[in-house]
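Next comes just one chain, in structure tokens: the form predicted on its own.
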């Protein structure tokens, strides 16, 4: 099973603490050794780092871990290959443009016998994940034409498209356009919203703690989504299988069943 990590905030925030534990799952505390990637939105731009090496010993991952990039939306992925060879073009997260916005997508699972309707969005690699991403974007464009809808209208359209794909297998995914983050759970996905009063968090994969009271302001709010909880002393909320959550400004704004 691949590993997903997402962050959505109301202020630009660095993900160094969460990424430290997440990085260890790429070959150190877990078996996923088939590449990793992370995308940071910065304004209308998006900074993407990809590496087909295991994240536990990737020089690029070491750079990201110690580079406090501040972003309001982050999507990261550690890969265990099921379809497609281990190669840069098959490394998540994937990026496309729609409505003049960058879109970032990462998938955990395996889709068997899925035949996508691609429209103008074509896969570069050979994964089921990238094909599903292109299918979703083509479906959203068909629903809403040339103008980007409001987040909740888009969320409804996306949830209507998901079952057609999810019936082919496991379809946990994260999707963001830099303004919000959508998390869909097929098997395992949990989230936590950190806000005042802040406290100390301890990583589950490394003996590392951080006191968020020293790094935050009263109004800050940060939502973190992961395949498995990254900390062992906080209460994470599991997302119900077959459901999606829309995160805006660090808040779980809406939930939908996608069945």
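Positions refer to the first chain, counted from 1. Bear in mind that the values here come from a model prediction, so they are computed numbers and not experimental data.
Separately, the form predicted in complex with a further copy of the same chain exists; it is not shown, and the next lines address it.
Within this chain, residue 97 lines the site of a further copy of the same chain in the predicted complex, having a heavy atom no more than 4.5 Å away. Remark: residue 113 does not count among the residues lining a further copy of the same chain in the predicted complex, judged by a heavy atom distance of 4.5 Å or less. Using a 4.5 Å cutoff between non-hydrogen atoms, residue 128 does not count as a contact of a further copy of the same chain in the predicted complex. Though the partner is left out of this view, residue 51 does reach within 4.5 Å of a further copy of the same chain in the predicted complex, counting heavy atoms only. Relative to a further copy of the same chain in the predicted complex, residues 201, 215 and 252 are all farther than 4.5 Å at every heavy atom. Checking 192, 46, 228, 210 against a further copy of the same chain in the predicted complex, a heavy atom within 4.5 Å turns up for just one residue: 46.
Checked against a further copy of the same chain in the predicted complex, the candidates 160, 122, 142, 153 yield a single residue with a heavy atom inside 4.5 Å, and that residue is 122. Here the chain stands alone, but in the predicted complex its contact with a further copy of the same chain, taken as any heavy atom within 4.5 Å, falls in 88-96 among 88-96, 73-81, 165-173, 183-191. In the predicted complex, not one residue of 205-219 has a heavy atom within 4.5 Å of a further copy of the same chain.
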